[in-house]
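Here we start with a single chain on its own, the form predicted alone, put down as structure tokens.
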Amino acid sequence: MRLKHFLLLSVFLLTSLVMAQQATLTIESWRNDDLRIWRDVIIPVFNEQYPDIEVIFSPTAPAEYNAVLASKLEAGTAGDLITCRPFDQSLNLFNEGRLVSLNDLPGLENFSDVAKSAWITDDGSDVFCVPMASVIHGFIYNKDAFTELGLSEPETYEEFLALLETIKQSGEYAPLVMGTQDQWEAATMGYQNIGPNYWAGESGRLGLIEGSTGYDEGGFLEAFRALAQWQPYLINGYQAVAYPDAQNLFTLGQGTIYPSGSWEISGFNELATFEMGAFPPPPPAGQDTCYISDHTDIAMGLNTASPNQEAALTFLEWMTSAEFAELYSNALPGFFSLSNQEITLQDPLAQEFLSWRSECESTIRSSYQILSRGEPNNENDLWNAAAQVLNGTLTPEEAAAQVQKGLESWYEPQQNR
């Protein structure tokens, strides 16, 4: 009789355990172009280990995601897993009680402070999304043009300027393919690309937040001065060149170097008829340490109202693994896992970008954490100022003073500098 009761209890407990793991998880995301990758690549690998957890990737159009997600959360119909945009939008969700703190999630130790910076409270006490991927800034170039002109990758900023002059003198190609019509490129692909080498990456960025440095001094001012030196080398009529125009001009072979980042890799692989290479933003001569903008892009959090917490945590823990890191990074060349685990990429251009993490120190764009909460918006101020520097309508000193004045007008730590 005792044996019978023991066997019945064992069967009951085993059945309960299996049922506890049987669940259907729904992922909310704005990355509707990633539907096939999740459905056909990522989820099947997860199900090889966890066959009882069904995962449904349910994206919304990017422009509609914020509003649709807010509506679903309010109605209690949002999915179990929430794809997190970086910084304040996701922070607001956590502060509203919509996202679970993931401090105790096994595997979160695989991510650096920089990796977690976009999904952590201001005081650093709670991480609320698992970092998924970043994009890395740098310069993509036409290898055929480099071979034709006998060029090599620059190792210092001075060599970079000399390289641009050589290309210009050849008359065969535009040295730099980038426009200023949309403004954001001047800041994102220009100032934030080369800037970390001047303001010492995280040291300078955190100095802005703390109020110990400003845009009108030190490395932040020097970065504007370095950016101004691009003006003679930009493609003809660059003031009227929009972002899609620059992409087309480069892939059609009209220019040699494209200031940008890893997010272009997939599109350029399909469109360019020439072999491409990439080099990181070169530091000034004599500087031993190099810095790259390894900018946080996407993460995953747990809906507080999810009825499938255990299964969702199982999925999130799997997302901290080296297996997921390599799988995701290969499925989306140019979007790199933020995990510090070593992975190998199949795309040679993506692998080149990724290799810079072992050579340089990583940081994120200076204006994204905390500094763009007020008015005027620090990020938008940088767009305008950087574009005017390249257009020659503001000197670097005037641009730096303008951005600093805007930040000081509402951000108290900068008022007390």
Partner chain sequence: MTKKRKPFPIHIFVFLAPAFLVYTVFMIYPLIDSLRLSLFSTGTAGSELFVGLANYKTLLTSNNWAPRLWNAIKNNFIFFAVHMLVQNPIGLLLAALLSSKIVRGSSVYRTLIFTPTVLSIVLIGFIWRLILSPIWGISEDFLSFLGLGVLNQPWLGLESTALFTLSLVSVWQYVGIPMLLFSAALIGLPDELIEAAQVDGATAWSVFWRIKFPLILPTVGIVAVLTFVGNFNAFDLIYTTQGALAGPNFATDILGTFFFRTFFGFQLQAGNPTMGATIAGVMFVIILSGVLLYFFGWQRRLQRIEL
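Note that this is a predicted model, so its numbers are computed, not measured. Numbering follows the first chain given and starts at 1.
One more form of this protein should be noted, the form predicted together with its partner chain, which is absent from this view; the next part is about it.
Contact check at 4.5 Å (heavy atoms) against its partner chain in the predicted complex: none of 103, 108 and 210 pass. The stretch from 36-44, 355-363, 22-30, 381-389 that comes within 4.5 Å of its partner chain in the predicted complex, counting heavy atoms only, is 381-389. Residue contact with its partner chain in the predicted complex: residue 314 places no heavy atom within 4.5 Å of it.
A residue is said to contact a partner when one of its heavy atoms sits within 4.5 Å of a partner heavy atom; residue 181 meets this definition for its partner chain in the predicted complex. Its partner chain is not drawn, but in the predicted complex it has a heavy atom within 4.5 Å of residue 249. The shortest heavy atom separation between residue 169 and its partner chain in the predicted complex exceeds 4.5 Å. With the partner removed from view, the residue among 222, 245, 202, 326 that has a non-hydrogen atom within 4.5 Å of its partner chain in the predicted complex turns out to be 245. Proximity to its partner chain in the predicted complex, defined as a heavy atom within 4.5 Å, holds among 271, 322, 206, 240 only for 240. Heavy atoms closer than or equal to 4.5 Å to its partner chain in the predicted complex belong, across 366-389, to the residues 367, 368, 372, 375, 376, 377, 379, 380, 383, 384, 388, ordered by sequence position.
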